[in-house]
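Given next, in structure tokens, is a single chain: the form predicted on its own.
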Amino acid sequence: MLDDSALDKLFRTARTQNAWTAKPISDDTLREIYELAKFGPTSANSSPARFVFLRGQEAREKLLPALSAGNVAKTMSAAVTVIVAYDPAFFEHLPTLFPQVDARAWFAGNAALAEETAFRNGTLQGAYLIMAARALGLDTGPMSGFDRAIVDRAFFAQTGWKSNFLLNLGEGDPAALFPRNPRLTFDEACLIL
């Protein structure tokens, strides 16, 4: 079992950041985040998430037209912004990722099932990326406030990938945090049957 310090870092005291310091993130750290996150479970080891790490000014300028007004400053000042995306054709990798059976056949020709599976499991993998970043001492700021169609045209016209959410990474500025909002209690959110 993880100790209280680790649980705090991952959950209890971790916060969604709104402002960032200028501390950079190395390519090695980005690779390390992925190397941890890739081990999170997905259906049939499908691993449909795709991650685009935006660090440079040119890449950020390409993202800018898609951002809602409230997300511009925090995105432009983060050390890295990740486009958490998914590959609707993820099943092409299943012969390698899940060789036990012909899992590719479950999805090829069934676009609705492939899309649902890719979105669900890609979202899980985005959450694993958040937890991996926190485990390595980084702060995170996931966001939904952007135009997916603009992002998909600007970044994924050649790949067919689809954006899911954005994730800012870096060292957060605690002075910009809002008071922590309440959460539902166990009894409000859970049933034991």
Ligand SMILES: Cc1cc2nc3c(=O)[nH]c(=O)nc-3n(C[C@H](O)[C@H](O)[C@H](O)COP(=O)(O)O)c2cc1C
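If you're wondering where the values come from, they're calculated on a predicted model, not measured in any experiment. Numbering starts at 1 and follows the sequence shown.
Same protein, other form: the form predicted in complex with the named molecule, not shown, and the subject of what follows.
Peer 1: Pick from Met131, Leu54, Val151, Met143: which has a non-hydrogen atom within 4.5 Å of the named molecule in the model of the complex?
Peer 2: Partner contact (heavy atom, 4.5 Å) among the options: Met143.
Peer 1: When the named molecule is placed as it is in the model of the complex, which of 71-79, 86-94, 114-122, 100-108 ends up with heavy atoms within 4.5 Å of it?
Peer 2: So the stretch in question is 71-79.
Peer 1: When the contact criterion is heavy atoms within 4.5 Å, does Thr21 count as touching the named molecule in the model of the complex?
Peer 2: Contact check for Thr21: no, nothing within 4.5 Å of the named molecule in the model of the complex.
Peer 1: Contact between Lys9 and the named molecule in the model of the complex at 4.5 Å, heavy atoms?
Peer 2: Close contact is absent here: in the model of the complex, Lys9 is far from the named molecule, nothing within 4.5 Å, heavy atoms only.
Peer 1: Are there residues in 160-180 with a heavy atom within 4.5 Å of the named molecule in the model of the complex, and which are they, in order?
Peer 2: The stretch touches the partner through Arg180 alone.
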